[in-house]
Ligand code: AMP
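Quick setup: one chain, the form predicted alone, written in structure tokens, and binding and motion questions come after.
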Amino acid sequence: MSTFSAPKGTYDLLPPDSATFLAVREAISAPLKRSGYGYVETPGFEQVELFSRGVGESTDIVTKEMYTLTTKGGDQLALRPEGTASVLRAALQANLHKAGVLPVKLWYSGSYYRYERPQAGRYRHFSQVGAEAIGAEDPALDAELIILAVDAYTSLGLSNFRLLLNSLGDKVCRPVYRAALQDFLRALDLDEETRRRIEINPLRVLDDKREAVQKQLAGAPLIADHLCEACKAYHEQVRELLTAAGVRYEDDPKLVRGLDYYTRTTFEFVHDGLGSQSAVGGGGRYDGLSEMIGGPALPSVGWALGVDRTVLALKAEGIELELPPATQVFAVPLGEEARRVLFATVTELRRAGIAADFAFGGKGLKNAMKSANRSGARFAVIAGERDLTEGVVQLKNLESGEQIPVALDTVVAELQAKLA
């Protein structure tokens, strides 16, 4: 055992579990690839100010959860706590918005970091797949992204997830609601930190998970009652498009999520089988974020779906994904000449698209066959000196135990036919 272990609140992803995580990432990204979203990858750390400006100085993410560091050159950097700000920064830096085709549609996958109290489904290092559509204000774009997320979950076999939907208004109607909410909140019995939050971003108080706070919020004014006509019409179009696509949703007038940059459409996917950490993904529109980080006006919308949480949701529903086999054929050489010949055969099998492995380390027949069975392979290819003299190998079906000689120069074609 090593002297070292993974830092608290993190995890190592190892086979066979890692195969499920890869399959989930692929399932989430597949609908995006079919819909014009190109892949983007950003650094694991950014300037602290990118997140304090974009995510919001009043958010728990920035005030309590962000990992920050000072470089030898004195720069203040932060491990990325979320993906949207980084992706938008990258798109602006590369002038993708000036290429003449809007929206710029991007997807990404990676690890993110927040200093939180570790618990099931909530880690200090977690994995997400995200998507951003930058530079267009269109309810069809909001609906598209929501539908693509629903399609991803459905393709995995999930059925017990719910979509919560809300609108947070815009720069016209949000200030009116903000003032009404502040008046209500100032009259409540709240701690000093929450009172400071009332003055900075009162909507964040609605997202407070403490039961004592939620009880006092029972009569809080709702954003739905303060939306301007333009925001009402926009939100209704999103709802109509979702309904037409067969997507079920629940209106949640208190849904604000944990980031300051959201405007208008806001949504969250929850799974009731995950207990208190029920959110598996979410997102929304962020029309003012580009200006917040020094860019031009670029109305945008996006989401991030948690890979870790989605895997937990699959377990909660008892779903086992059909994963491609890590090994289909296992080669067992008996003797030095057989090692040379079968190693070449394994290479040929792999180039033919067959997952093949080899008994490395000069194992005897008994130990090599144990390795073959543990690998999950369907067939073993066995050869000794006598077999090679006769120009054959022994092809053994590891499920039935049947073993037959096959000409060495036809074994690849034979296996292709059997595995097809």
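Note that the coordinates shown come from a computational prediction; the quantities given were computed from them, not determined experimentally. The numbering used is simple: start at 1 and walk along the sequence shown.
Below, we refer to the form predicted together with the ligand, which is not included among the displayed structures.
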{"property": "Stretch in contact in the predicted complex with the ligand, which is absent here, among 313-321, 243-251, 125-133, 90-98 (heavy atoms within 4.5 Å)", "result": "125-133"}
{"property": "Contact assignment for the ligand in the predicted complex, among Lys105, Arg80, Arg309, Arg264, heavy atom within 4.5 Å", "result": "Arg309"}
{"property": "Heavy atom within 4.5 Å of the ligand in the predicted complex - the one residue of Glu116, Asp151, Asp287, Asp138 that qualifies", "result": "Glu116"}
{"property": "Any non-hydrogen atom of Gly302 within 4.5 angstroms of the ligand in the predicted complex", "result": "no"}
{"property": "Contact of Gly282 with the ligand in the predicted complex (heavy atom, 4.5 Å)", "result": "yes"}
{"property": "Distance check, His235 to the ligand in the predicted complex, heavy atom within 4.5 Å", "result": "no"}
{"property": "His271, heavy atom within 4.5 angstroms of the ligand in the predicted complex", "result": "no"}
